[in-house]
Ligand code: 5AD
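Just the one chain here, the form predicted on its own, laid out as structure tokens.
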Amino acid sequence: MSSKRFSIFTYGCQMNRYDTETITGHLEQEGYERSEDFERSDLILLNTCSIRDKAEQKVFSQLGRLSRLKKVNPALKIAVCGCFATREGEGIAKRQPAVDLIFGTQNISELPRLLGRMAKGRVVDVAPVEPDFTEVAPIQREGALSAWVSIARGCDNFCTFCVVPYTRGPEWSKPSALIVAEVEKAVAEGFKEVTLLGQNVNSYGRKTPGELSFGGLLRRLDRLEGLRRVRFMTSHPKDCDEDMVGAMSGGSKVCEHLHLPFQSGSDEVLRRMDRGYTAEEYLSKVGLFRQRVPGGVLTSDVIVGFPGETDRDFEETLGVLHQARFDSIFMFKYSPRPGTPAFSMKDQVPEEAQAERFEKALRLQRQVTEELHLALVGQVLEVMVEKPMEGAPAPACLGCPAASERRPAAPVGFTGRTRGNHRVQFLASGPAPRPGDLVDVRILRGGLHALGGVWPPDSAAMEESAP
């Protein structure tokens, strides 16, 4: 008897991708097989995001297409999960009668039971529940080198623009013993790198007496055999401290990349956002990182056009961009989210002003990024090989066990990431590196979105043809 097939569409952030891997693990335990052919699936899930209105509209558009598919195949079951499902469960049910199952971010562990209930009719279950931290959840990971590992759920910060505390609930830290076990399992499966996930990773363990601090967790994972790299996101500036930065400085596997959202350079806007720090305090955390982690890479999040933001407020944001010199930023125009305090704030900034400020900040950041990447030219950086470059000739017998059989006839292009999370395209001569190998690449090009180089680093003959 063939297994049932399911397809899943994932919207939004890395946490949603991790949730998709967990959902996949539960479904496979229930006898489902994942399929990319959604037209032949028995169950289709939409794992949704609610951070911006555009993401929610994409979900309704997709549901419209799937409802037509269900008319052709009445046996098809459609499920909506994730943050949008948590926030608008009953509203989705009323607007889309074709949906059979709606469950929230806090109900994933209940999925096997919900599938049984769905057989008797539509199920909507978005009620908050405490996380099940008794054992490692079943996970079917995507990719082969880098694994997502959630270390916490929820958020206690309640920034006035953010829906996360309402959709993912209060903050819970996963026991460090479970995190270590999950990472060990990922390493045993062949993963070389893990990225620790949480809405606020650096407040990890603070509500749990006797638990490791976030810095302590980083130090514990740094000792695991077989693990090559540890990354994490996202950090909150108010919880960025010596303990965390010290673990980054002293660890051999913890990467020197810190994603530290500042959102605005205006103290008045930060106050209305309820971020819990001033621009000066934020820049002092940047200074701590620069001092303790020389050569570390700093990235950030920025919101332009928050309600009440004046031209002067925006200029102060540009000032932080000048001083902090981020390697890159994720920048967003403010998107009103129903249910958040900012939604009903006065002085909403017009779209035209938001767009103008966005473009001005983007131009500045591009200039900074180009300068920082140009300064890397000539340096030798450790790169984890990911895969051959698209369009490049395949290396001879890539993956063959014998090194003598792995020698390409001509230089071959590969892509990978530095410890600072720079994307690198490089030409390799000699024995072809394998995905997961750590190689020293000499940087010859400093592009806006990717660096170019050669391996081995003394391959002077390839300089002119480097990516």
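Quantities reported herein were computed from a predicted structural model and do not represent experimental measurements. Numbers follow the displayed sequence, beginning with 1.
What comes next is about the form predicted in complex with 5'-deoxyadenosine (5AD), which does not appear here.
S.K.: Thinking of 229, 387 and 433 as one candidate spot, does 5'-deoxyadenosine (5AD) come within 4.5 Å of a heavy atom in every one of them in the predicted bound form?
M.R.: No: no residue has a heavy atom within 4.5 Å of the partner.
S.K.: Quick one: from 43, 412, 51, 439, grab the residue that has a heavy atom within 4.5 Å of 5'-deoxyadenosine (5AD) in the predicted bound form.
M.R.: If I apply the 4.5 Å criterion carefully, the residue I get is 51.
S.K.: Taking 5'-deoxyadenosine (5AD) in the predicted bound form as the reference, which of 77, 337, 192, 141 has a non-hydrogen atom within 4.5 Å?
M.R.: Residue within 4.5 Å of the partner: 337.
S.K.: Just one of 90-98, 160-168, 365-373, 133-141 has residues with a heavy atom within 4.5 Å of 5'-deoxyadenosine (5AD) in the predicted bound form, so point it out.
M.R.: Contact criterion met by 160-168 only.
S.K.: Taking any heavy atom pair closer than or equal to 4.5 Å as contact, tell me whether residue 303 reaches 5'-deoxyadenosine (5AD) in the predicted bound form.
M.R.: Result yes; residue 303 sits at the interface with 5'-deoxyadenosine (5AD) in the predicted bound form.
S.K.: My question is simply whether residue 261 lines the interface with 5'-deoxyadenosine (5AD) in the predicted bound form - judged by any non-hydrogen atom within 4.5 Å.
M.R.: Contact with 5'-deoxyadenosine (5AD), yes.
S.K.: Going by a heavy atom distance of 4.5 Å, is residue 220 a contact of 5'-deoxyadenosine (5AD) in the predicted bound form?
M.R.: Residue 220: no, not in contact with 5'-deoxyadenosine (5AD) in the predicted bound form.
S.K.: Does at least one non-hydrogen atom of residue 333 fall within 4.5 angstroms of 5'-deoxyadenosine (5AD) in the predicted bound form?
M.R.: Yes, contact at 4.5 Å.
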